[in-house]
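Next up: the same protein chain in two forms, each one alone, written as structure tokens (structure 1, then structure 2).
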Structure 1
Amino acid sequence: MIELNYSNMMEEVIGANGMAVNMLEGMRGRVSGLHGQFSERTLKEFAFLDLPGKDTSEIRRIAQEVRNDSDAFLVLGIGGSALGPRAILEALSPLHNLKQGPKIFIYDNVDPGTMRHILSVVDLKRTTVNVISKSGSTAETAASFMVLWDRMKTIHGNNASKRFIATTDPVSGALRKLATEEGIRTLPVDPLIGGRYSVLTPVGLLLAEVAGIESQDLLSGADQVNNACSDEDLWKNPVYLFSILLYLMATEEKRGINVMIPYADSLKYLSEWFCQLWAESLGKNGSGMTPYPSVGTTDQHSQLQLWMEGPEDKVITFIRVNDYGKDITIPRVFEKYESMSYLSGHGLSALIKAEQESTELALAKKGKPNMTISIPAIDAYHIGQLFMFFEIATAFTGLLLNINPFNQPGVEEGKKYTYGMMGRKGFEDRKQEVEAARKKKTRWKV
């Protein structure tokens, strides 16, 4: 089970920068109200809570086809459609492409360099492409899909559609329509589930199964968190506590930057996934917090100086791993070098755990608020737990902030300029606006 240790958030432990117990007690009323909303599913977007009960047989069947007939599996998607799958892949099958099974590539950009490099190392004859888009009209995903479709047509002719899988809306949208017409295999994503809450749908689960990861384990972990975090009493509900502490730190203490630092290389993208979820859900109405991706011990040599002695604007969340699996012992060599020999005989896991605990304590001693989420091990079950933990926490925090954690109105404006520049009908005035701005700019060029 996930454990939350929040002692270093409290004034009793870290002094004046910490939270008082009565501040949290004062939230009881609001928590109770929001808890009711969750348990009664008052918003239709709470649908993400019910994902753990879904049947995965179709996902597993299609993944098996891919494993049988492909040497490469190329995901086209962006935002949550890429970060979720990537978080799963990096956490549960690190260095995947140097091992057995289909190599996996995730193309979440329109960078021609990356596309060239991917095309130079895969054999399209033995590649399956998974296009992930609710609507099909996301420009980046559409562009790369069109490129791959054309190339697959050249190679496979009328059989090209067999090299694709579309993960999309069950009924509407261009991609659904196109998949039906062309005979492309599909997997559905509930339209009520936004990209950043979609990791436990076919968006993430198909890649998991292709990589040899049990999707059912991910769902079981998520389900466990759903059940274990259903207590209305905030002192007994780690998800609510996590949310309330960050909410109060941001609103009462002006600590608007949340660092997420797992102590494991393989959780780097889980941290990035969390940051997308948190940023896009909560950054609205001039409010929101800035989630900051990090990884330990590495970033102790990068960000720690700033946390320790920089502005008082951060809260640090550690993710601690209790069991790193088969350990590697630091051998008895260089014994006469005192600055190295003290390490001999310890496991690497003892060192990484000691560093995590040391950093936690060093921060606490300086009065810097921090908390620690511990997981027993990095496996599908516990990664599933973390996904659900952070999804509930994000939605809950959004409601605390009185904002809708399920939309993203702020990204539409830029898209319209892009449509204009790419010649999409109806956006001609946008093109003119870009060109006008461009002329104005040049006078400032150095």
Structure 2
Amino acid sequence: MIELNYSNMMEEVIGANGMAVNMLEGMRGRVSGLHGQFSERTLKEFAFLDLPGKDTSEIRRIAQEVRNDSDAFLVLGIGGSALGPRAILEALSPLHNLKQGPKIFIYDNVDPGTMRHILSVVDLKRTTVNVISKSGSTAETAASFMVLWDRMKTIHGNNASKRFIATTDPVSGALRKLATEEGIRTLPVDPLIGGRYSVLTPVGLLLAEVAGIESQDLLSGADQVNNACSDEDLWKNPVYLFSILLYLMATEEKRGINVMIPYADSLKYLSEWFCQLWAESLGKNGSGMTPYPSVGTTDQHSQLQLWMEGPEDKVITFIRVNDYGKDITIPRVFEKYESMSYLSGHGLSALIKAEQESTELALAKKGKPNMTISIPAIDAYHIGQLFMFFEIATAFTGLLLNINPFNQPGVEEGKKYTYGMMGRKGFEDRKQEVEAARKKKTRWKV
């Protein structure tokens, strides 16, 4: 089980910048009330909590078909529909395309250069495309789908639909309708589960199985976190403590920037996945906290100076890995150079752990609040734990802030302007707004 060590968040450890015990004690009643909302599923969007019990047999069956008849697997999606799958792939099968097949590509933007590069290296005769969109109306995903559909129709003719899988709403939406009419294989996403909470649905699990990662292990890890969070006692619930500490630091101490720094290259994209989850869920009505993705030890050399001596507005969360697997020993060479020879005989894992603990200590010595989440190993079970840990923490923090952690009205506004600019019916007024705004901008250019 993952472990939260929040010693360096506390006043008795780091001094005046830390949190007093009585501040946490004062939140007990509120925590108990919010816990009741979770346990009773008072919001329909709490459906993500029930994902660990879902049957994955259809996901596994389709993944086996992909492995049998495809040399490449191309995922089309954006936001949580791409960040979640990418976090799984990079954490659990790093350098995948150099080691095994089918090769996996994730196209999560509409950069034509990236699309050209992908098309230059995949053989569409042996490629399966997974289109991920609950509605089917997401402009970026729709556009990339249209490009691939046209290419596949040219190559496969009436059999083009067999090269696609649509991960979408089980009943409604443009993509569901199109998939039914064209005979495209489908996997359902519960309409109550938003994209940024969907990594443990077919959105992430199909890619996992295609890559040879056991989806059931991810779900089992998530289930373990659910069990650990069933206790409403604040001092026994690591997710609630994580949320309360960040909430109080933001609201009482004005530390609203949350740095996430895993000490493993393979967890870099999990940090980025967390940032979307945290930002899109909490940034509403003037509230919210700013997530800040990093990776150790790299960002000790690019960002640590700011954390140590910059504005007093940050909380650092480390992710520490206890077991990196098969280690590499630093050889006994350059022994006459003391500045290097002291490393001889140590494992690389010992060095990265020392770097993490040293950074943690240096920050604490300067009175900078930080905490550490330790995971036993980077495997599907513990990655599943991290996914559920952060999803529950995000939803809980949203309720603490008295906002809805499941909607994204600010994002929807931007989408409407895009629809207008691209000529979608019903959004003509948005196009007019854009044209008016362009006129105002002409004066302020150099």
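Residue indices: 1-based, along structure 1. Since we're looking at a predicted model, the values are computed, not measured. If you superpose the two forms and keep the largest set of C-alpha atoms that fall within 1.5 Å, you have the rigid core.
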**Prompt:** Just checking, which of these two is the form predicted alone?
**Reply:** 2
**Request:** Determine, after fitting the two forms on their core, whether Glu25 shows a C-alpha shift of 2 Å or more between structure 1 and structure 2.
**Result:** no
**Prompt:** Rigid core fitted, is the C-alpha displacement of Ala16 between structure 1 and structure 2 2 Å or more?
**Reply:** no
**Message:** So with the rigid core superposed, the C-alpha of Asp429 shifts by how many Å between structure 1 and structure 2?
**Reply:** 3.1
